[in-house]
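Next up is one chain by itself, shown in structure tokens, the form predicted alone.
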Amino acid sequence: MEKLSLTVKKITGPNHKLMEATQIRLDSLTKPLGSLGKLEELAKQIVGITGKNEPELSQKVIFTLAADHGVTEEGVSAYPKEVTAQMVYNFLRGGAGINVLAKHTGAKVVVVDIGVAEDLKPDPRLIVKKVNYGTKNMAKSAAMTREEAIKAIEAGIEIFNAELKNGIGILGTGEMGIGNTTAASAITACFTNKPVEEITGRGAGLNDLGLKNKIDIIKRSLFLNKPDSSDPIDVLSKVGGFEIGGLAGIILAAAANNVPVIIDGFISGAAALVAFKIEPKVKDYMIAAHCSVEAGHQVILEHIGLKPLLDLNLRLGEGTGAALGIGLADAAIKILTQMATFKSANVSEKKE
């Protein structure tokens, strides 16, 4: 718990003076005021987060954390749990959606086993931070112990700190875990007090009967475990997942080290919600890449107060949306740092 406490204490908030100076710079560029919309807002936010007039985003990293969920025993997913491990191997081979989009945007993918239900083959590209072999079935008991929840969050902090030695200009969150939309829905319902029916989607492709079962399982899990919404670690332990806890730790560590975080979809959103409940100041360090098809994701973004950059009907996870968001962040900073001002370009400004 000490590592988590020390990390949270380091989160101070963005540099508002630099943000004000950045707004003046943006207003002096050769364009009508505010004509690049969200790109301008994004550039200003990143300056505030990093505390640098000209942030360097060349070192882009996407953390993709994998873990299994015991609740898959209840038939809440259209895919068998074995797919989690199979997809980790796909990530390592470079064949997944995240690999393609990360390469496109120039980002490194860091793949982590934080709770896969089997021992994976050793691979120098795979980081192993296994808290346990998947969570327990939350429809029958708490998903994990409180100690495991803390361990998952602190594992995320350790993963970030280890990669920070290689340099991180901006990061994206990603995950893989069959059954994890069930955990994300339960977390969202608990923190936002929204009806389970409103925040639960079809995940990887459930039919109507499967969706009804999923909703029933989430309701049963919440009733059985009674997570305390005023205690984010209790919520994570009762109905969460190891990858969700790990990503929450990464988000907190990034904020503590002035690194902007691009949040992916629904599962990453649930992790962002946990981090936000632990320390509300992390909101200013988070950038929502997109709004997922999963209904619960929009509820999360509204609850935290984040506006998504994109709405492309994405629902893959892995960090795919975050990769696209990182590309936009890079573009925003290039606008700020490479575009000429009216004065430098000898262009007449707008008449008063």
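Heads up: residue numbers just count along the shown sequence, starting at 1. Being a predicted model, the structure only gives us computed values, none of them experimental.
Below, we refer to the form predicted in complex with another copy of the chain, which is not included among the displayed structures.
- In short, of 310 to 318, 295 to 303, 279 to 287, 51 to 59 it is 310 to 318 that has heavy atoms within 4.5 Å of another copy of the chain in the predicted bound form.
- Proximity of 35, 104 and 347 to another copy of the chain in the predicted bound form is complete: all three residues have a non-hydrogen atom within 4.5 angstroms.
- The single contact residue among 215, 127, 164, 204, judged by any heavy atom lying within 4.5 Å of another copy of the chain in the predicted bound form, is 204.
- A heavy atom within 4.5 Å of another copy of the chain in the predicted bound form is found for exactly one of 96, 259, 142, 157: 96.
- Although the partner is absent here, residue 338 is a contact residue: one of its heavy atoms lies within 4.5 angstroms of another copy of the chain in the predicted bound form.
- With a 4.5 Å cutoff on heavy atoms, residue 133 does not count as touching another copy of the chain in the predicted bound form; it lies far away.
- Contact between residue 10 and another copy of the chain in the predicted bound form is not found at the 4.5 Å heavy atom cutoff.
- Although the partner is absent from this view, residue 334 contacts another copy of the chain in the predicted bound form, with a non-hydrogen atom inside 4.5 angstroms.
- Contacts between 73 to 101 and another copy of the chain, taken as any heavy atom within 4.5 Å in the predicted bound form, involve 77, 78, 79, 80, 83, 86, 87, 90, 93, 95, 96, 97, 100, 101.
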